[in-house]
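Quick setup: the structure tokens below cover two forms of a single protein chain, split into structure 1 and structure 2.
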Structure 1
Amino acid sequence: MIARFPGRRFAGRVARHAILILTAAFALLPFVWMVSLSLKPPEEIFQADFHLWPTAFHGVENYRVALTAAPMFRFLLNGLLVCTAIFALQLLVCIPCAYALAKLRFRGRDTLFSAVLVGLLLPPQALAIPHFVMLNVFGLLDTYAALILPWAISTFGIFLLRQFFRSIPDEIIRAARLDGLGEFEIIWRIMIPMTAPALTAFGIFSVVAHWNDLFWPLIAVRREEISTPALGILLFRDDEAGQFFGPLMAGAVIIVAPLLVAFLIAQRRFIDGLAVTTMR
């Protein structure tokens, strides 16, 4: 049909690009602005006329200040540590539970599943006070454990994995049992490999959520040494060196970059992963 209305088609295509470039600019502008400012000396930031690229390149100094005034790499490392620990714990708890809910018959299964569904409704922020109090009682506030333990259970993870496990036909499991595989082996050798895409998706979801989370670290942690990236950049801003826009923007670039780079490398994975996990 393309040849039938060449004129209209062309106009349509131009309009499409015109609008999308506009919305893409809206999405990307803060990133461009951030990088631009992170390369500029203070006087250029404040001068009346604006250039995207600095006339006097001040990038090295800005990034050096950001890295020396605050333990930026430490923040990133903390983020990595906390996110990995959370995801590992979640898998350890969710996989057996999701498997049992999907494939085993036992009394109370449906009740438990309803409980999981109810758990899905609870916004995590609502649990902040009791979690805070519990950690306080055990003397764990202001430690890594405080950042990790409250997230050990993910009703969302259980729900998601259960849905995927259910889509694996029972015949495969029966055949495996007839072949003499135990339940643990069935999970390890059959369910996990077959649901690898779902696990990756859940992993991306979990890591993105906790890397970017500010609410809970703000409550659980005061010390700079164990701050996660989202909290770290805030501490840096409230610090003396963070009062200057150049180093502050450089710090923001350092904090934001790892996830964005990972995203740009594995775009499809991220987009599909996040879309799939939320649509279930």
Structure 2
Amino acid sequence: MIARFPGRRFAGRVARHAILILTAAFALLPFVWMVSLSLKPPEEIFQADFHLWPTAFHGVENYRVALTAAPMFRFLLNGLLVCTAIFALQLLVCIPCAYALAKLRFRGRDTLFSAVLVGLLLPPQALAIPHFVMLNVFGLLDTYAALILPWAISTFGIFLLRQFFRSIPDEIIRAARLDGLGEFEIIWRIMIPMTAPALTAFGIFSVVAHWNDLFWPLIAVRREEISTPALGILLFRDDEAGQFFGPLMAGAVIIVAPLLVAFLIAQRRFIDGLAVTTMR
């Protein structure tokens, strides 16, 4: 039927590509705007006529201020430390939980999975006050622990990995048990190597979420030396004059760049991980 209407098929492909291009352009517009403003002098940023490339190039000065007016490399290092620690703790919790929900049979398994689904519906802001009170009781506010511990458990990670584990044939698990492997050995030697795409997808979601998070660091920490990138960039604000708007955009470019590089490197595994989990 499709072969009889090549023109209709071609029109459909053109329409799909047009929609994809328009969607991509809409998504990239804020990033293009951000890079453009990071290259402009202050007097050109608020001009009525807009042009992407500045008439007077001011990028070197803006990026110099972004790197020297505040400890930008310290913020990037803090973000790397916090995101790595959060992701490591999430894996320690999510992988065994997801494996149990996917491959083990026990009373209450479906109820626990329902609780995980309910947890997906809770916005993280709803738990901010309980987290703040708990950390205050233990004296952990304004420390790295305050930035890491509230996110050690990820219901999204449990759900994502559980869906991926379900795609692995049960025969592999039974064969491993016949060979004398325990459950934790099965997880470490079989499940984790086979779930690299799902782990990559979850890692990107986790790192991006906590690298860009401003809400919780704004509540939990006050010291500049442990500020995350999103919190540290607020040092460039100037609500009265706006003369730091160029360095602010330059700092935003510096903070976003590592995420873009990481995604470009891991995009194939990221797409593979989402493709498998959505088919279950």
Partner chain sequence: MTALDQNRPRRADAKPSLAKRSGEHGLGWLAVSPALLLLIGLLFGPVAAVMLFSLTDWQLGSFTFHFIGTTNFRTLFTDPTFWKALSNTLVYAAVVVPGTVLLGLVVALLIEASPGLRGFYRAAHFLPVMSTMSAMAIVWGTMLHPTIGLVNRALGAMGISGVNWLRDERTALLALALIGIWQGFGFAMVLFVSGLKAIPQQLYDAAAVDGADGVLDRLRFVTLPMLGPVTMFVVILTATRAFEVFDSVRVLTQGGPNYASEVLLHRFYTESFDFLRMGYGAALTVVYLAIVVLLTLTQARLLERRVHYS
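All values reported here derive from a predicted model rather than from experimental measurement. Think of the rigid core as the biggest set of C-alphas that the two forms share within 1.5 Å after superposition. By convention here, residues take numbers in order along the sequence of structure 1, the first being 1.
Between the two chain copies, the one drawn from the form predicted alone is structure 2.
After superposition on the rigid core, the Cα of I45 moves by 2 Å or more between structures 1 and 2. S36: CA moves 2 Å or more between structures 1 and 2 after rigid-core fitting. Taking the rigid core as fixed, one finds a CA shift for A230 smaller than 2 Å between structures 1 and 2. Lined up on the core, V261 has its CA atom moved by 3.2 Å between structures 1 and 2.
Per-residue C-alpha deviation between structures 1 and 2, core superposed: I21, 8.4 Å.
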